[in-house]
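One chain comes next, on its own, written as structure tokens: the form predicted on its own.
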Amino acid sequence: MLRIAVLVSGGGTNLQAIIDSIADGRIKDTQIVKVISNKADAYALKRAEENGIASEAVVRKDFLDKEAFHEALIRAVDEAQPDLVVLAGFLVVLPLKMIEKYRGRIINIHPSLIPSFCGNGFYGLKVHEAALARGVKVTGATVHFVDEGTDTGPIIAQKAVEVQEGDTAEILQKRVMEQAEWIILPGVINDIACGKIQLK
């Protein structure tokens, strides 16, 4: 049984996709052991509660400094004893200590085809605004292993999504979620659970 901890900052739509995929068998032999958010009011925590999943908020302002916050974050993850840490819209730069500790066991979903529209400052709607401003015809989503850089770890899976005439950032964001993110993230988790994917 693959034990996963899901780290999320917002609504938790990718978390929901994972929950649904475990329920309907698209993700096999996997259990979400904990949901952790850096925002106490994140809707993702409510999704966890509704599905009987342990959850915890680790909020930066509750700690004296960044170091204490990082220690608490690592502790929250460690307590869950996960085999895999899934970043599903988690807008916190992970402490190096955590990356080292869980090397090859942290994955992230990013709403573009890396290396396009990624790195510092590219998250959420900003990614889709940048794609539209650049005039690209195709965008998509990427699942990758996490390393010390921002969106620089080895790519595991990508799925392309067409940009359509008249798209706004919000419309494009929804299409990328539905046609790419909610498909490839559960797919990758299932492949890891089945032993088909691992970081060499």
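Residue positions are given as counts along the sequence shown, with the first one as 1. Computed from a predicted model, the values in this text were never measured in an experiment.
Keep in mind that the form predicted in complex with a small molecule is missing from the display, and what follows is about it.
J.: Report whether the minimum heavy atom distance between residue 123 and the small molecule in the predicted complex is within 4.5 Å.
T.: Heavy-atom contact with the small molecule at 4.5 Å: present for residue 123.
J.: Does at least one non-hydrogen atom of residue 13 fall within 4.5 angstroms of the small molecule in the predicted complex?
T.: Taking the distances in the predicted complex, the answer for residue 13 is yes, it comes within 4.5 Å of the small molecule.
J.: Any chance residue 19 has a heavy atom within 4.5 Å of the small molecule in the predicted complex?
T.: Residue 19: no, not in contact with the small molecule in the predicted complex.
J.: Should residue 88 be classed as touching the small molecule in the predicted complex when contacts are defined as heavy atoms within 4.5 Å?
T.: So residue 88 counts as contacting the small molecule.
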